[in-house]
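The chain below stands alone and is given as structure tokens, in the form predicted alone.
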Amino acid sequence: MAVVVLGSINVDVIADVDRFPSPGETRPATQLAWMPGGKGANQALAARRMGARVVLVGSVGADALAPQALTHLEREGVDLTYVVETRRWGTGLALIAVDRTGENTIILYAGANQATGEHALASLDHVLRPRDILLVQSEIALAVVAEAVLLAQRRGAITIWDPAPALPDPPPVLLRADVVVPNQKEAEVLTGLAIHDLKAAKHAARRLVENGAGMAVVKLGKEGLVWAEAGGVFYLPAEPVEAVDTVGAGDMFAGALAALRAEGMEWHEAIRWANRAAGLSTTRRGAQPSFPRREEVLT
């Protein structure tokens, strides 16, 4: 089985700061880095590093940033056959600030990701097979993501939706994905529930399943995660690591989860190892450069 990722492709500009600026305030950056990114590209690489056969579907601009966004993926063995180039917009760009605790804020320019539409759906129609994993996020048009999930369901593929960034009232079909993997803030948006402790997080995960998800995993950062399914609600603590940068940790989780399920691992085991992979990714700077390989995780 393959992991097919539909999503955004960006370049990340990452600035390290001692603390985030307040409105109207300027803060100095202690370090600046340009790295490949975008949730679609990130999750494709994460799945590939966990050993999956991965196909990425998306768009880049006809500009100098496109090779920065794609070269690393190509070198790692991600299939880029269905990534198209557009001249209407430049390649997507994310402006990321990381503070001394490892937390981050992100300003996102969608750019060429706005061109991911009919060609992407046609590509999925060509490439998806029964029992493949379709992994989607929310950095491209939600109407396109919804159509992709419908197509995958018709094909008998497994669907995983990472609702990042989360918007209220998403297309109902997304809430009925086989697996929904929001973080705490995204789960609050999707359920309307305030998540202030573990009990509330479990309630939110249960609500997502009640709303149609086959399984819901609510990621709580350093507090770990909870997941709900028909058989109950469960808790898993965070991997005990010294975090330096949380950028991309959620993408590592989603990609690892998809890859491990694609090879036939049971969901509860895949969640456990994906949680470890995400934790390890926070011990290194950046998104894609921080992603651990399979042999580092499954030990």
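The numbering used is simple: start at 1 and walk along the sequence shown. Quick caveat: nothing in here was measured; it's all calculated off a predicted structure.
This protein has a second form, the form predicted in complex with a small molecule, left out of what is shown; the following refers to that one.
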*Quick one: find which of 116-124, 176-184, 93-101, 198-206 has residues within 4.5 Å of the small molecule in the predicted complex by heavy atom distance.*
93-101
*Given that the partner is absent here, does Leu142 sit within 4.5 Å of the small molecule in the predicted complex, heavy atoms only?*
no
_Quick check on Asn10: any heavy atom within 4.5 Å of the small molecule in the predicted complex?_
yes
*asked:* Leu108 versus the small molecule, in the predicted complex: is there a non-hydrogen atom within 4.5 Å?
replied: yes
*Quick one: does Ala278 come within 4.5 Å of the small molecule in the predicted complex, counting heavy atoms only?*
no
